[in-house]
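We begin with a single chain expressed as structure tokens, specifically the form predicted alone.
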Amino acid sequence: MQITSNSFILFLVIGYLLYYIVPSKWQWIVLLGLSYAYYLIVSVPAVVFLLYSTVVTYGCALWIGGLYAKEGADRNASRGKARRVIVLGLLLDFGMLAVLKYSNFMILNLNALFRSHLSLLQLILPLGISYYTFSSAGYLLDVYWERTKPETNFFHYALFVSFFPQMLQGPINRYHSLGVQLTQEHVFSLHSTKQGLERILWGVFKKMILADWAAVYVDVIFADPEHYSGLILIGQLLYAVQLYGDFSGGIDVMIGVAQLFGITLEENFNRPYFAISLADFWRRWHMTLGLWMKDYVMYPLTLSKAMSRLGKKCKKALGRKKGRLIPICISNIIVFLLVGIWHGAGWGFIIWGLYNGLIIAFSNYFADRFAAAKKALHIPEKSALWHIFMVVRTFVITMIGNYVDLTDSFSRMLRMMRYALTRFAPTQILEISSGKLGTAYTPVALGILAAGCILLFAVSLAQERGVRIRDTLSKWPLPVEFGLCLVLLICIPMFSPMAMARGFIYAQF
């Protein structure tokens, strides 16, 4: 059930009306019913895995909480037992994800390595499995570290894991911020409803006008890069538009849907194409994944005994300043390797993760050298030109990483990189058909896409400068605000390349 389909709109309207009609103390039950109904409509067998993750992490959290709560118990002994429980819980939770997502990848590599002929497994990959696995694992770790008390009501916890707006592509939520909201009583708010609908509309615009039009050309260019070798650079730019419009647009829709029910989900984007470094980019792109990795992988790894011993040795060999950076750099590489694996089962994703991790580690290690070079060149700290240079540099670095998504082999990737630098024939794009009207409509379609990008850039630039767009709109007369939304609502189906949005790229994760 696509979130831009008529069936989802009907599902949402019925759920919304029911939510505010029932007594407020039952609202959370309506949300739980809606969440499981949504998941059952999408895939009945997948509900088994959702329940498995819920039961495992709920049970292990109660077990850990019980160990900590025993009066007179030896604290060290309780911590030791809890450590074994947390290991068991994480193995069971992530084990399910590993089997479903990576089994066939392992089989393919074993076949290639040993020239065997093992058959691939017929496994389903449930919708949102990475998101609810990470959310539930984070909850379990928070209970172990005593940041959160274990939830005793199974159905309250089941709602946190299954809450349907986060299922398609996140964000990855924390129990201490979302769990309480889900079971609170909410009263109808016209302001909240209006802002939720505006957020949904903006997300659909980014998806159906920007992402889906860009995808029309990206699909053709990278399906035959030899023929369209003069468009590789343009194709890369269009893919950047597609990826951002698709993912951030979907997140906007989901945050808007949650807001209709009075629920505030975590923000997941902070204008990443304005980032001034790759590390800054990852603080802005898929923010909840980055924060999850930082809190549950980066910090524990950096502060581990093994890293502490390594740090001491490096300080002796390299000096205090450089030596303390080595554990941080290694942790960054490991984190981004895991991020790459999270994105998909393939060597391309592993290479992509290492690419990002190595660049960030290199930047951290030589940060003092870069600062000295900047000072030697007499570049002002607040130079506008230098800021623009850093933004463009970061964008180019991310574009290079995107080649992994656009090719199925390393040699082909290198060839496309060469074409991007040596061949440029922008008029080739006029050969690509744009919907039912064919190539005759291509200039119009490109104009629509360009206008959409300009609008997105203008809004993003204003937000980057501190303007709160939706708060500003809410201060305008209601007819004006309604008129702007109506124009956008009319333009989306009129100028979109198709009647219903394509599938979302990040839904596969």
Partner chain sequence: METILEILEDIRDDVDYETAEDLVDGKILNSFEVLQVVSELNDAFDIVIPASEVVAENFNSVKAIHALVQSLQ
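Small disclaimer: the values here were computed from a predicted structure and weren't measured. Numbering follows the first chain given and starts at 1.
The protein also exists as the form predicted in complex with its partner chain; that form is not presented, and the subsequent description refers to it.
- Contact annotation: its partner chain lies within 4.5 Å of heavy atoms from the stretch 294-302 in the predicted complex, the single such stretch among 86-94, 340-348, 230-238, 294-302.
- The candidate site formed by Ile400, Arg412 and Arg418 is entirely out of contact with its partner chain in the predicted complex, as no residue has a non-hydrogen atom within 4.5 angstroms of it.
- Remark: Asn111 does not count among the residues lining its partner chain in the predicted complex, judged by a heavy atom distance of 4.5 Å or less.
- Contact annotation for Asn104: none of its heavy atoms lies within 4.5 Å of its partner chain in the predicted complex.
- Looking at Asn364, you'd find a heavy atom of it within 4.5 angstroms of its partner chain in the predicted complex.
- When contacts are judged by a 4.5 Å heavy atom cut-off, Gln166 does not count as touching its partner chain in the predicted complex.
- Residue in contact with its partner chain in the predicted complex (any heavy atom within 4.5 Å), chosen from His186, Lys374, Arg283, His156: Arg283.
- Checking Lys312, Lys81, His387, Arg393 against its partner chain in the predicted complex, a heavy atom within 4.5 Å turns up for just one residue: Lys312.
- Applying a 4.5 Å heavy atom cutoff to its partner chain in the predicted complex picks out Trp145, Arg147 from 135-162, in order along the sequence.
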